[in-house]
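The data below hold one chain only, encoded as structure tokens and taken in the form predicted on its own.
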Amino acid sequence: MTDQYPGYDVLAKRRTPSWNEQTRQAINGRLAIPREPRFLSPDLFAVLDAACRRIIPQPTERPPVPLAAYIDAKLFNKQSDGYRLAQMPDQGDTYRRGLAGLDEAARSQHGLGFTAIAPEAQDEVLRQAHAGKLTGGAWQGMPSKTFFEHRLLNDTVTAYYGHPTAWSEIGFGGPASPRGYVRMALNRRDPWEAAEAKPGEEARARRENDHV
């Protein structure tokens, strides 16, 4: 992955005017999410973790964003979208059925559970779910396409870009409380926002980001 914002770490803003105590507490809570499952069974949590790794492959040179843990925490804390699609059960049952359905498909097609098959085979099972081709058994009538699009894919991406590691990668300054953002026009940035590296200007961007 190209380092577009060399030297930039959004967590360096912890004790700057960019963040107040409420913001610090909120971010600290995200960083302290338990890594072990509290809602899903260990087996289903492992399937979720494997699926998240295929949806958003992460660099090996840094600790990964704990995507499965974030989703499990959302289920454990009953954090919902405030609505439910008519063809879907409640959020917890949706994940239980969907993850069991992915594992069931892997066993049917490859004789092994989802976590044990090759990454390319995992991708194929996920593509089948996305296409709505996984039916019966654990799905209990729930559309695999809806599960993939509206729950698994959406929650995985949301979890990733809600984490400070992803913010640093995209040059995001984090919550705008209390400082706020002023220069909202295209191609303009406030002095405390990260500087994007142009080809051949990585050293300059690193120097600027060291002082954000």
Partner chain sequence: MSDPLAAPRAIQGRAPDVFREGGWVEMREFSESEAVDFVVIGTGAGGGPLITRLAEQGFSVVGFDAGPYFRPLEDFASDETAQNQLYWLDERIVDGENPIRMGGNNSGKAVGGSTVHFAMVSLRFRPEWFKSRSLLGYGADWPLDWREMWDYYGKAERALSISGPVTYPWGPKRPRYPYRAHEMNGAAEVLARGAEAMGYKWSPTPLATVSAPRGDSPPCVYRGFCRFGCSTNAKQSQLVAFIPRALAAGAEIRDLAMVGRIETGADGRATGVHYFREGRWRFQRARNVVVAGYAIETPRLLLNSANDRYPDGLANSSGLVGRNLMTQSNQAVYGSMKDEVRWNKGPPSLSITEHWNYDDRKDFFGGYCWMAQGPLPIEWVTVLTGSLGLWGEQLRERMKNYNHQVGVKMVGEMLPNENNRVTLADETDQYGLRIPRITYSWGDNDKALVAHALDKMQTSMELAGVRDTFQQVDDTNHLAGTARMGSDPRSSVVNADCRSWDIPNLWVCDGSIFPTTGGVNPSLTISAIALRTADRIKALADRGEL
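Between two forms, the rigid core is defined as the largest C-alpha subset superposing within 1.5 Å. Note that the structure is a prediction, hence the values are computed from the model and not measured. Positions refer to the first chain, counted from 1.
In what follows, reference is made to the form predicted together with its partner chain, a form of this protein that is not presented.
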Non-hydrogen atom contact residue 127 with its partner chain in the predicted complex at 4.5 angstroms: yes
Any non-hydrogen atom of residue 85 within 4.5 angstroms of its partner chain in the predicted complex: yes
Its partner chain contact at residue 171 in the predicted complex, heavy atom, 4.5 Å: yes
Exercise: residue 175 in contact with its partner chain in the predicted complex, heavy atom 4.5 Å: yes
Heavy atom of each of 38, 45 and 147 within 4.5 Å of its partner chain in the predicted complex: no
Partner contacts for 127 to 163, taking its partner chain in the predicted complex and a 4.5 Å heavy atom cut-off: 127, 130, 148, 153, 154, 157, 158, 160, 161, 162
Cα displacement of residue 60 between the shown form and the other one reaching 2 Å, rigid core superposed: no
Per-residue C-alpha change between the shown form and the other one, residue 183, threshold 2 Å, rigid core fit: yes
